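Only one chain comes next, encoded as structure tokens, the form predicted on its own.
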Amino acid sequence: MPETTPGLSAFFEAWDLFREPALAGAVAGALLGMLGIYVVLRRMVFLSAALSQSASLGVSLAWFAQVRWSVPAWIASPTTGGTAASLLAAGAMLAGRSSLSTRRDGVLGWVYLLGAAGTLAVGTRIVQEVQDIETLLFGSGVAVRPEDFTLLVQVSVVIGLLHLWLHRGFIQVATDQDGARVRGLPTRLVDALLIVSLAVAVSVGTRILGALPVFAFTVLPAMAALGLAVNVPQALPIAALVGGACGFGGYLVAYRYRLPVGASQTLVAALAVAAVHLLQRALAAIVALRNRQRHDHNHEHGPDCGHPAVPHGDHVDYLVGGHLHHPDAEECHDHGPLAGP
């Protein structure tokens, strides 16, 4: 007997069970989507990947300390470990910002690889938490504890208010760092606030959702928003909306089709980017068609107009876009496509 997929009505009937994880995806997607605008504009895409892997390693080390060394959970909590590790990684990145670009890239790669390999290595030593390690890396968990959801909301509110207050400075530094420096803005302080806020958001998001969806939320909603918005201030709320929708919608898709949550949220965000790209192409084609039609109606054909002249019966037509156009005293007539030989 074929396996049936659960309906969405059953999901909302069991809303009390799914409320925290579904809303956690929406909140994290909105926060990281907004921060992702700066990540994409500043070409720091793989910084978020390195931070998420560092957070994974910090969480794994906290579990290791609890299991192997019997360190109390209130000292070696996963949230504390993940935040500390991501802040250390952010500090390493900030310390290397004055170095050559290739050297910064090397530090970034080192942080990413250390975090990924370290998480897997530590995971083999704490078999009791192997399921949590998989959730940490790929976002395969379907449940979120109420206290974790509360922490995520609190962090989102604090970081959101900070960026709302300083959004002009963040935007100026992201779009024109040299110009911001000439205007006297403290660019290094703005950089530090951006990277630290990103590190905290990524560490908390990784602890709750996993590294894969967190990396996706810091890149893909911003790409979609920048394709829709006319300027950066407009892109910020659009990215938050897209990220929130992908976080919540990805959880729904995972429930409906029995997919891993993190993979589903990532795929939904990737499809959003593809949809925006197709929309851009369609709009560009419409604009091009309108421009061609406007050109066709306003253009005066003649020997020097630039269009090939084609004898057609007792008159001369002009070839425009594969069609024969014949002007007279009142308007330009379309005589259809040029016939083959």
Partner chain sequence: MSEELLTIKDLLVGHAGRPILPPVTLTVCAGEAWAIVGPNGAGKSTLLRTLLGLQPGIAGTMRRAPCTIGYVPQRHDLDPTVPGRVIDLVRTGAEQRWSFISPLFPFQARARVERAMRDTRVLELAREDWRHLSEGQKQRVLMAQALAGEPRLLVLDEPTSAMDMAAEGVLFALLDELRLQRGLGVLVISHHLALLGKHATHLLFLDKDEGVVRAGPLAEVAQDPAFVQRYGLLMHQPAGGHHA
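These figures come from a predicted structure and were not determined experimentally. Positions refer to the first chain, counted from 1.
Although it is not shown, the form predicted in complex with the partner chain is what the next lines describe.
Contact with the partner chain in the predicted bound form, defined as a heavy atom within 4.5 Å, holds for exactly one of L241, V200, L267, V232, namely V232. For the candidate set A92, V71, L120, L189, a heavy atom within 4.5 Å of the partner chain in the predicted bound form is found for exactly one residue, namely L189.
The stretch among 24-32, 269-277, 60-68, 38-46 whose residues place heavy atoms within 4.5 Å of the partner chain in the predicted bound form is 38-46.
Although the partner is absent here, P146 is not a contact residue: none of its heavy atoms lies within 4.5 angstroms of the partner chain in the predicted bound form. Residue contact check for V158: none of its heavy atoms lie within 4.5 Å of the partner chain in the predicted bound form.
A residue is said to contact a partner when one of its heavy atoms sits within 4.5 Å of a partner heavy atom; Q172 meets this definition for the partner chain in the predicted bound form.
Although the partner is absent here, R256 is not a contact residue: none of its heavy atoms lies within 4.5 angstroms of the partner chain in the predicted bound form. Annotation for 145-177: interface residues with the partner chain in the predicted bound form are W165, L166, R168, G169, Q172, T175, D176 [heavy atom within 4.5 Å].
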